[in-house]
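Quick setup: the structure tokens below cover two forms of a single protein chain, split into structure 1 and structure 2.
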Structure 1
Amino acid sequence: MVLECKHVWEHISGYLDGTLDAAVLEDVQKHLEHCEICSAILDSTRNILILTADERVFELPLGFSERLHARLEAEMRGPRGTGEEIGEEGDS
């Protein structure tokens, strides 16, 4: 079956994820072999996925971990709801 470009576009995600049925995959591959536009779309989509998967796109702010664990510490030690640490545990 000969696919039109716009039908190939619908399969780009499936192609990248390797989830296309064998028959569809074959049609898509045949199309990609001769269609420059669709192969460029495929490549650029793949490249964008590689770029966005980079951990540096959303970087943790400096000191994030320290602040988080300090807040958790307070929660673990202190009584719930008040946000205050009242008294000591009694040892020492």
Structure 2
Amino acid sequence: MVLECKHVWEHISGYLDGTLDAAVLEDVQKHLEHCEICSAILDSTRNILILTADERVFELPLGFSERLHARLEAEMRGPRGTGEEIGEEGDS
């Protein structure tokens, strides 16, 4: 079965937790082999889990949440977002 990105995103937590059944795991792995966006989301999610596991506190740049949600909505709507990178504005 060929998965679209939005289907892979639904399984990222299960993929990282190792709870996917074998058929879904294989489909997700096949998708990740050729999809840079999903691979980046997987790496980012894995990094967030690593960073939050040690209970350190991080301060996000002003407006980060709004830019993140706008970017995710743009990615979900169609081809390659708005061209604005997350974290480029107001990172100080």
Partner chain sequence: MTATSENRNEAQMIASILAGGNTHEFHDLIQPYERSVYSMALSMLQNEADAEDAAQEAFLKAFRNLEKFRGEAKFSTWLISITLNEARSRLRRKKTAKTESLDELQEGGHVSPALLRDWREIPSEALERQEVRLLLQDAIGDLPLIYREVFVLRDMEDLSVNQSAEALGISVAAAKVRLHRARLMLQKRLAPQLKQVMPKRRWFPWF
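All residue numbers here refer to structure 1's sequence, counted from 1. Think of the rigid core as the biggest set of C-alphas that the two forms share within 1.5 Å after superposition. Bear in mind the structure is a predicted one, so any value in this text is a computation, not a measurement.
- Of the two forms shown, structure 1 is the one predicted in complex with its partner chain, while structure 2 is not.
- Comparing the forms between structures 1 and 2 on their rigid core, the Cα displacement of V57 reaches 2 Å or more.
- When the rigid core is held fixed, the Cα atom of K30 travels less than 2 angstroms between structures 1 and 2.
- Relative to the superposed core, R67 undergoes a Cα shift of 2 Å or more between structures 1 and 2.
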